[in-house]
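Only one chain is given next, in C-alpha cells, and it is the form predicted on its own.
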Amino acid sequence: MNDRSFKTEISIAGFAVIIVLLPLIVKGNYFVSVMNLVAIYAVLAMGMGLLMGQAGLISLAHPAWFGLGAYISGILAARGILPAWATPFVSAVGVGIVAYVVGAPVLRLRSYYLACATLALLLITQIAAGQLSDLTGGHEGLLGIPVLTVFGFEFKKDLHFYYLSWALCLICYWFLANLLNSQVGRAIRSFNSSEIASASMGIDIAKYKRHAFVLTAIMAGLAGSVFCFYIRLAIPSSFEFPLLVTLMMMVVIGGIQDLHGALIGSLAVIWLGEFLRNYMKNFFTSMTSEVEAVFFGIIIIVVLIFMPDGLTGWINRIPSWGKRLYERKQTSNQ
C-alpha cells in the first residue's frame, strides 16, 4: 500500500466513524432523512464527477441509470419475482448490461456530441417510464414495493436506511479512490489530458472509457435501488431533468477535479436547499422552486468566479494559508 492509499484508507475510516456517531449526537428523523439523500445523491455525483473530471466524458445519463436501477428493483420486488434483498444485485447487473450496450456506440462521440446523446438517453428513459404504465405504473408511480428485508431484518426506519445508504456511499468512494490510484485510473486520467498521447502509449482508450462508463452506471443503479426501497415508490419525477441539474451543481460546487468534491458538493447542495426551503420563506412570501433555482444560480456563478476549483480547492488551500500566516507571524516576532 503506497502513502496515498494509506491516507485514503485512514480518511475513509475516520469519516465512517463520524457517520456512525452523528445520529447519536444530532437527534431527530429530519436530520437522518436529509443525510440519507446526501449519501444517495453523493453516489451519483461521485460517478458523474469521475466521468467529467477524471475521464473527460460529458455524460448526462446518470439520472437514467438511477431511475433504471429503481425500476428494476421495484418491479422485481413488487411482482414477487425475487426477494427484495436480491433485487439490488440484479439491478446492478441489468444496469451494467444496458450501459455496456449503449456505451459501445455512444462513447465513440466526444465533447458536446456525447452530452447530447446521453441527454437523449435520459429523455427516452423518462418517456418510457411514463408511458409503460402496465409495467412501471406510469406517472402515478410504481406502488406495492415491499419492505427491504435482509436475513430477517426489516429496513423500516430512516435510521436503518441512513446506515445502509452511507455504507453504499463509503464503499463506492473507497472503490473509486483505489481505482484512480491503480493502473486503470492512471489510464483514465491519461486520455483525459490527451487521447493521442495515450493511444501512442498503447492504451486501449475505448476499453477504459467503457469501464468508467459502466462502473459509474452500476453505482447509480445501486443508489436507485436503495432509494426505491427507502421511499417505497418508483416514479419518473424522481429522475427527471431537475435531478441532472442538482447533480451538476454538486459536482461544480464541490469541485470536479477531486473525488471527495462530489461528497462535499452533495452535503452543501442538499443542506443549502433545506435552508432555503425552511428559512428563506420568512423573507419571500412564495418560496417556489423558481426562487430556489435563482439562489442556486447565483451561488454557482460566485463559485465559478471566485472558487473555480470548487469548495474542495478552497479547502485544500487552507493548510498553505495557515502556514503562510504562521511564517509571517514568526518573521514579525523576530
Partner chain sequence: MFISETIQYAISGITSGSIYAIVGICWSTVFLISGVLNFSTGEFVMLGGMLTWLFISWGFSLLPAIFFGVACTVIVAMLMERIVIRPVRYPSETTFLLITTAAGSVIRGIVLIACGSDTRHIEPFLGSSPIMIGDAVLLPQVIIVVSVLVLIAGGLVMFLDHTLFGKALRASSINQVGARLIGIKINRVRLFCFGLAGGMGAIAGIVIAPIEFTGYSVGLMEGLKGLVVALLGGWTIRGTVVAGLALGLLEGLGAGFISTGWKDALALFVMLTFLIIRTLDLTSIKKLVYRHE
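Quick caveat, the model's predicted, so the values are computed rather than measured. Heads up, when I say rigid core I mean the largest set of C-alphas that superpose within 1.5 Å between the two forms. Residue numbers count along the first chain shown, from 1.
The following text describes the form predicted in complex with its partner chain, which does not appear among the structures shown.
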Could you work out which of Y100, Y113, Y163, W85 is the residue within 4.5 angstroms of its partner chain in the model of the complex, going by heavy atoms? Y113
Which residue, V90, L159, I124, V147, is the contact with its partner chain in the model of the complex, using a 4.5 Å heavy atom cutoff? I124
Can you pick the stretch from 150-158, 101-109, 230-238, 76-84 whose heavy atoms fall within 4.5 Å of its partner chain in the model of the complex? 101-109
In the model of the complex, does L243 come within 4.5 Å of its partner chain, counting heavy atoms only? no
Using a 4.5 Å heavy atom cut-off, state whether M248 contacts its partner chain in the model of the complex. yes
Residue-level question: is A293 within 4.5 Å of its partner chain in the model of the complex, judged on heavy atoms? yes
Indicate whether L37 is a 4.5 Å heavy atom neighbour of its partner chain in the model of the complex. no
Is it true that M52, L60 and G297, all three, sit within 4.5 Å of its partner chain in the model of the complex, judged by heavy atoms? yes
Residues in 119-140 with any heavy atom within 4.5 Å of its partner chain in the model of the complex: L119, A120, L121, L123, I124, I127, A128, Q131, L132
Determine whether the C-alpha of V26 shifts by 2 Å or more between this form and the one not shown once the rigid core is superposed. no
For L272, decide whether the Cα shift between this form and the one not shown is 2 Å or greater, given a superposition on the rigid core. no
L37 C-alpha relocation of at least 2 Å between this form and the one not shown, rigid core basis: no
